[in-house]
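Before any questions on binding or motion, here is one chain by itself as structure tokens, the form predicted on its own.
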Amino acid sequence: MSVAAFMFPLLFVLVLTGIPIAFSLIVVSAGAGLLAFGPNAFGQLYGSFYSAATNFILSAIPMFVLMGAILERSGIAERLFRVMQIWLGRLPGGLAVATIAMGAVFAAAAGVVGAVEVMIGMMAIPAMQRYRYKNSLIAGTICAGGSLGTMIPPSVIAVMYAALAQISVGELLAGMMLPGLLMIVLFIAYLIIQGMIDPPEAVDFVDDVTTMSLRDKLWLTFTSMLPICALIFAVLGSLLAGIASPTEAAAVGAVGALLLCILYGRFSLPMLSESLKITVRISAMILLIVAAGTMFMGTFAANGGSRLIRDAVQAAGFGDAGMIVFFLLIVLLLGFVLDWTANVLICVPLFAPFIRQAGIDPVWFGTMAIIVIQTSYLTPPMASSIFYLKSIAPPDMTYGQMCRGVVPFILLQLATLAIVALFPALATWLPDQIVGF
């Protein structure tokens, strides 16, 4: 049996023992590289590391992270949540619907999953508990809303996926738009139906939102929504129209976020310093995993990994549909134990050649793969979204309640995946219409 067959099991052993993913990838890559290249192994590994470090598209990641970090401190999140409460709060399950809407809007502005979830969680948990929503529904709604940063452009995951799959970032982001909107509609429909069937207990106090005049509501909506919509339009519009590269569009977003921070009176040098520190820390983590993942896939291929996968697919007798299901299942299973960065880095270089050879639309497959990654992000026992929520949740919100709360949203994500699989035009029509125009 080839060395490649032992690389994944060894990687999982190292990750499950608590070694950081980047260092686990490097250790396995170094060992397999010595077997494949002998004395020249470290020269080959350095080449992989250098190619990842000089990938121009990946330079967009720090800018998107900085945009999210600044927006988190700009005050726009609080204003947006208040606007959503005003206009959606009277619907059945209105606060839950407002939380999902808030997650969607902020995902389109920030593109960083963890930041979106923590922000909406810190605002939504007190408000929803005050209105006596069940903890399981609160947890599921916040986790689902935060996970929309995966599917709603601009998405850091999509930028990395496109760079590794060698497809257009703009086309992939455009392909994700309609499935992302479909997912939001399914989430909101479920919450409204849930609110009609099992409404929260009535409360006997008057919220200040209900006492606002129409003029005040309209003014708050205008001053909150117009700037954030302008920022989203500037980032996505310039990218999808081909005016700006992903890095340039991300830079526009970072500058726009800084201007919003100044506009709302939240700018200060300590705030900027903290945002830059967070950006450096998160970007360094992501890019180190990128470099380590590139090394891993290089040594995996050198030890016969591609041939191993090809032989497995041929031996199983999969057609194109079976191959797609097989690859997506691997992505889902890896998502149970690896974070999204390592998942993308391992799976995309491995599967992309087979997808191209089979003539499968790479944007369609990429969209489905990202939906699966988002689903694994919510799926216990290693759900990143639950760990993010646990860090900000009150003591009375248990891990069991969180796990129960995310189940309906996992099913809705799988429903979205099935619809996109049956109707590929959901992912392929929009890129053909708008990219480059």
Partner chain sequence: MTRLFAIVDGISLVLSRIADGVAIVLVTSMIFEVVARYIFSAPTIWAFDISYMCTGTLFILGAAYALREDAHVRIDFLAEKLPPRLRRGIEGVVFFFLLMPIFAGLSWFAINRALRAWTTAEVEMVSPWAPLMWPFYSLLALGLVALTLQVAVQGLRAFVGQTRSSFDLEA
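The structure displayed is predicted, hence computed values, not measured ones. Positions refer to the first chain, counted from 1. Definition used throughout: the rigid core is the maximal C-alpha set that superposes within 1.5 Å between two forms.
In what follows, reference is made to the form predicted in complex with the partner chain, a form of this protein that is not presented.
Q: Identify, from the list 189, 271, 284, 218, the residue with a heavy atom within 4.5 Å of the partner chain in the predicted bound form.
A: Selected residue: 284.
Q: Tell me, out of 128, 261, 288, 178, which residue has a non-hydrogen atom within 4.5 angstroms of the partner chain in the predicted bound form.
A: None of the other options qualify; the answer is 288.
Q: Which is the contacting stretch out of 359 to 367, 129 to 137, 289 to 297, 178 to 186, given heavy atoms within 4.5 Å of the partner chain in the predicted bound form?
A: Single hit among the candidates: 289 to 297.
Q: Please determine whether residue 9 contacts the partner chain in the predicted bound form, using a 4.5 Å cut-off between heavy atoms.
A: Residue-level check for residue 9: no, no contact with the partner chain.
Q: Is there a heavy atom of residue 422 no more than 4.5 Å from a heavy atom of the partner chain in the predicted bound form?
A: Flag for residue 422 set to no.
Q: Does the partner chain get within 4.5 angstroms of any non-hydrogen atom of residue 330 in the predicted bound form?
A: Judged by the heavy-atom cut-off of 4.5 Å, residue 330 is well away from the partner chain in the predicted bound form.
Q: If you check in the predicted bound form, is residue 408 within 4.5 Å of the partner chain, heavy atoms only?
A: No.
Q: Hey, with the partner chain in the predicted bound form, do 228, 393 and 404 all fall inside the 4.5 Å heavy atom range?
A: Not one of the three qualifies.
Q: Does anything in 32 to 53 come within 4.5 Å of the partner chain in the predicted bound form by heavy atoms, and if so which residues, in order?
A: Counting only heavy atoms within 4.5 Å of the partner chain in the predicted bound form, the contacting residues of 32 to 53 are 42, 43, 45, 46, 49, 50, 53.
Q: Does residue 416 count as moved between this form and the one not shown, where moved means a C-alpha shift of 2 angstroms or more after fitting the rigid core?
A: After core superposition, the C-alpha of residue 416 moves less than 2 Å between this form and the one not shown.
Q: Superposing on the rigid core, does the Cα of residue 349 end up 2 Å or more away between this form and the one not shown?
A: Where the cores coincide, residue 349 shows only a C-alpha shift between this form and the one not shown that is less than 2 Å.
Q: So with the core overlaid, does the Cα of residue 34 end up 2 Å or more away between this form and the one not shown?
A: Yes, the C-alpha moves 2 Å or more.
Q: Any idea whether residue 178 and residue 241 get closer or farther by CA distance in the predicted bound form, knowing it moves 3 angstroms or more?
A: Residues separate in the predicted bound form, at least 3 Å farther apart.
Q: Are residue 122 and residue 255 closer or farther apart at the Cα level in the predicted bound form than shown, by 3 Å or more?
A: It is closer: the C-alpha separation of residue 122 and residue 255 falls by at least 3 Å in the predicted bound form.
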